[in-house]
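In structure tokens, one chain follows: the form predicted on its own.
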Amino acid sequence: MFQTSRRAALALTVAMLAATAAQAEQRVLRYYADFDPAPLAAFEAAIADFEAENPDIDVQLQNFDHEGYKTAIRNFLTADAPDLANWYAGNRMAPFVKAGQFLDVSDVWNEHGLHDSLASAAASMTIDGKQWGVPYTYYQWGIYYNKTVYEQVGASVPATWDEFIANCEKFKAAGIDCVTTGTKALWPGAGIFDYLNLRTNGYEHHMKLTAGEIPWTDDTVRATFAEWAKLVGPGYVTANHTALDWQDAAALLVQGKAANYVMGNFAVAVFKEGGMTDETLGFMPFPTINPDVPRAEEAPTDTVHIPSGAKNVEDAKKFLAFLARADVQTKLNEGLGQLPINKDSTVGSDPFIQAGFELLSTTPGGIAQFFDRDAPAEMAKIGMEGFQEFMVRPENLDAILERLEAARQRIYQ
């Protein structure tokens, strides 16, 4: 009896020691992010899948609210860096790269073939020829249009800007706004500017402009506004757009009072809530302006980075490689309701999600993030105010560009 009890106690001790050892061997990844409730659930599922594949790694996610995170990241990257941190691609990550606060993860890209599988977003993740994080989701911008209105005036879906402007005359003659937008909150007008500049001057120019490296008074920028003037000069845009929120403008498209809307894919839900269906709502890429400029697209991209002060770099790189996989991005983006970046991922049957995936996966010219992500906050505000003014008073162009240029010289010092 004594021997049996002794053996049981010994077995219990061994089991407890083994459990303690297992716990000691489990490595921790500290991950800071700023997810809303639905994305948080999708990411927690992805983390659970990663931990199931890597039982020796415990991912500890600390979630912040969006506004709090913007301040927090500047503090924790300096004081107490986690192993992983969410952020954004393009010029939004550049200050942290230049400050040495994000690690170069080019080895992850090279070892896992990410230059091929994540090719559409590679340019926006690259600074000085190196990659500084992994993108996991984006959503397309483009032009949503009312098919019924197109049929009504006998217009065809345009491939070029000249064809688009020619359609505008048909819509105006029928008493229909060719383009609607709501610039009360400023940012919808920035989407129009971004596409006009991307199509006129290309991705590299656009990135240099938003990075403060090109004067706003430069002839290349004036060329973009000359294309914009073809739209606003004849009155092809909803007249009272400065008083409209973006949802108000969406209602005009739904009602057939407007033909086209330059907007992100998140608006599809609003269009459909208003009564549009896949038979009446269409999507097209923004038309070609300069055929010599490779097609670039607007697709705000969310990313994960390894801070330079991370304590568990190897496991963090393992997580980045996991997050870049086609199957992981497929499942994750089903939960996010957005687009996977890995070209080998799959998307659901929604035609607008499918159109966006095809558009972005085949983009040869680069992915821009959006003006208020690519430019510093102060420059973005002044720029968007200028865009709104130009859409109302195009004759003020010189004064607008001089004001933006003065801001550039001050802000980017």
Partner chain sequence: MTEARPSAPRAAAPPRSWWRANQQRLTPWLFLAPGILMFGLYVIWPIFESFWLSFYDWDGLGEARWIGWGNYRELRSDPAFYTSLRNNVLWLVLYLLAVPAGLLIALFLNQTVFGIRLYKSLFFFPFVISQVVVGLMFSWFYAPNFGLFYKLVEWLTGTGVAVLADPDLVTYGIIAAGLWPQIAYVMILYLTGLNNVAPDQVEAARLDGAKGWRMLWYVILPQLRPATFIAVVVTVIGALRSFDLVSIMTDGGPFGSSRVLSFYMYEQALSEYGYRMGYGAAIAVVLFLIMMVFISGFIWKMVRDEREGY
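Quantities reported herein were computed from a predicted structural model and do not represent experimental measurements. Positions refer to the first chain, counted from 1.
We do not show the form predicted together with the partner chain, though everything after this point is about it.
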Original post:
Is every one of 42, 147 and 277 in contact with the partner chain in the predicted bound form, taking contact as a heavy atom within 4.5 Å?
Top reply: no
Subject >> the partner chain contact at residue 92 in the predicted bound form, heavy atom, 4.5 Å >> reply: yes
**OP:** Mark residue 392 yes when one of its heavy atoms lies within 4.5 Å of a heavy atom of the partner chain in the predicted bound form, and no otherwise.
**Re:** yes
**OP:** Would you please decide whether residue 363 lies within 4.5 angstroms of the partner chain in the predicted bound form, comparing each non-hydrogen atom pair?
**Re:** no
Original post:
Looking at the partner-bound form in the predicted bound form, is residue 38 within 4.5 Å of the partner chain by any heavy atom?
Top reply: no
Original post:
For the chain shown here without its partner, which stretch in 220 to 228, 234 to 242, 151 to 159, 263 to 271 has non-hydrogen atoms within 4.5 angstroms of the partner chain in the predicted bound form?
Top reply: 234 to 242
Subject >> The unique member of 103, 281, 252, 209 whose heavy atoms fall within 4.5 Å of the partner chain in the predicted bound form >> reply: 252
Subject >> Listed residue that, although the partner chain is not shown, lies within 4.5 Å of it in the predicted bound form (heavy atoms), from 295, 184, 130, 318 >> reply: 184
Subject >> Heavy atom within 4.5 Å of the partner chain in the predicted bound form - qualifying residues of 385 to 410 >> reply: 385, 388, 389, 392, 393, 403, 410
Original post:
Compared with this form, is the residue 266-residue 66 Cα separation smaller or larger in the predicted bound form, the difference being 3 Å or more?
Top reply: closer
Original post:
Given that the CA-CA distance for residue 202 and residue 97 shifts by 3 Å or more in the predicted bound form, does it become closer or farther?
Top reply: farther
